[in-house]
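The chain below stands alone and is given in structure tokens; this is the form predicted on its own.
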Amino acid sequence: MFQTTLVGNQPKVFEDPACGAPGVNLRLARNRFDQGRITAAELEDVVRATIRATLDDQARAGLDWLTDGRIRWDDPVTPFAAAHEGFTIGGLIRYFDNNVYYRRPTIAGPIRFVRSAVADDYRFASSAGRGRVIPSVCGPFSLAKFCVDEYYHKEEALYADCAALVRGELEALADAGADWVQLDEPYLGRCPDEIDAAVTAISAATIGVDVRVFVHTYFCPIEGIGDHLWRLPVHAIGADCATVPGNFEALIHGPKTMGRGFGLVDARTTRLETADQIVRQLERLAAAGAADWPACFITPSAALEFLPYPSAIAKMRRLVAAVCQFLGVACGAS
């Protein structure tokens, strides 16, 4: 009935052996690379070791769907701006109201898909043999919103080309064998006046692609746009239900033909929810007919990267423990 997974970036620095840390430190390796103290090949070894380590963490926790943790990413948008034509990377700007920053890309020319920014890491993570892997891609609406447009000056054309780029990524992941792809759209709930344009862009990116798409929003209410979201040609809609409780009800009352994702663990506080708190929400989902939905993902509210590494590990373990408690099975067997 319930499938556990993560959303967004995971911590890159592994600093607590008690949590199973393998001793890799990507931040330190990048600093050494910038100083010319290690080669690109040596840095790549650390990147891959860190991806394997985050897969191990998730597998040990018992998650049903693992992610590569976006270990290679500094933020949700720069990897795409760096991989494709039309972008230049700009200065640092705050990522919503979090204490992290990203380099805001500028759109300086026509956007063109060049080569997938994510398919190789998906292949690597899948081949590691730790479990099923769900890759993630920035959605077309949020991709446009994350950037400064100095070329199109017409949102319709901008959204259309962002949709074509994202469609290329989804097709590359389908070719690589992905079953599900998480499509991040943190701007969806923040721009209700543009919801029709957002739906058009996401539809253009996803309709007919040979992979199931799980659209996930962050940090915002979806109550006012729910009717629009249910029209999307995707397979599941997810939202932050930990800091926006109204999203829980909005998701419950969607059509039975659509899967859901419930962010039940707060990714922006080290306070650890009790298993009983999560179980009570799972009981409500079961009573609402979750067994009849095409999919019901149980996730953190957002990326666990905002937390210290030990807290992130504790959150994912608690999420799985609560689902196991509800199902009456041993952890790791859900």
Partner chain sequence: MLETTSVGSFPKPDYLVKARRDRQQGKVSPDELTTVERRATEEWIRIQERIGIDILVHGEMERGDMTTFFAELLDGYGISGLVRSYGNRYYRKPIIQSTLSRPRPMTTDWHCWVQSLTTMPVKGMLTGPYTMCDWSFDEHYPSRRDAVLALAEIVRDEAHDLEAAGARYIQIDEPAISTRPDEIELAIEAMEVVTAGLKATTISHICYGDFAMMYPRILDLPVDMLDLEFANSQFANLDIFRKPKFTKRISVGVIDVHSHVIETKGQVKDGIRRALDVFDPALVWIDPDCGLKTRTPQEAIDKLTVMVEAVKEIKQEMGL
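Everything numeric here is computed off the predicted structure, so don't read it as measured data. Residue numbers count along the first chain shown, from 1.
In what follows, reference is made to the form predicted in complex with its partner chain, a form of this protein that is not presented.
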Even though its partner chain is not shown here, does Q277 get within 4.5 Å of it in the predicted complex, heavy atoms only?
no
is_contact(R52, its partner chain) in the predicted complex, heavy atom dist at most 4.5 Å
no
May I ask you to state whether S127 is within 4.5 Å of its partner chain in the predicted complex, using heavy atom distances?
no
Is there a heavy atom of R48 lying 4.5 Å or less from a heavy atom of its partner chain in the predicted complex?
no
Could you work out which of R123, R103, R112, H228 is the residue within 4.5 angstroms of its partner chain in the predicted complex, going by heavy atoms?
R103
In the predicted complex, do N31, T270 and E305 all put a heavy atom within 4.5 Å of its partner chain?
yes
So which of 203 to 211, 174 to 182, 88 to 96, 257 to 265 is the stretch with heavy atoms within 4.5 Å of its partner chain in the predicted complex?
88 to 96
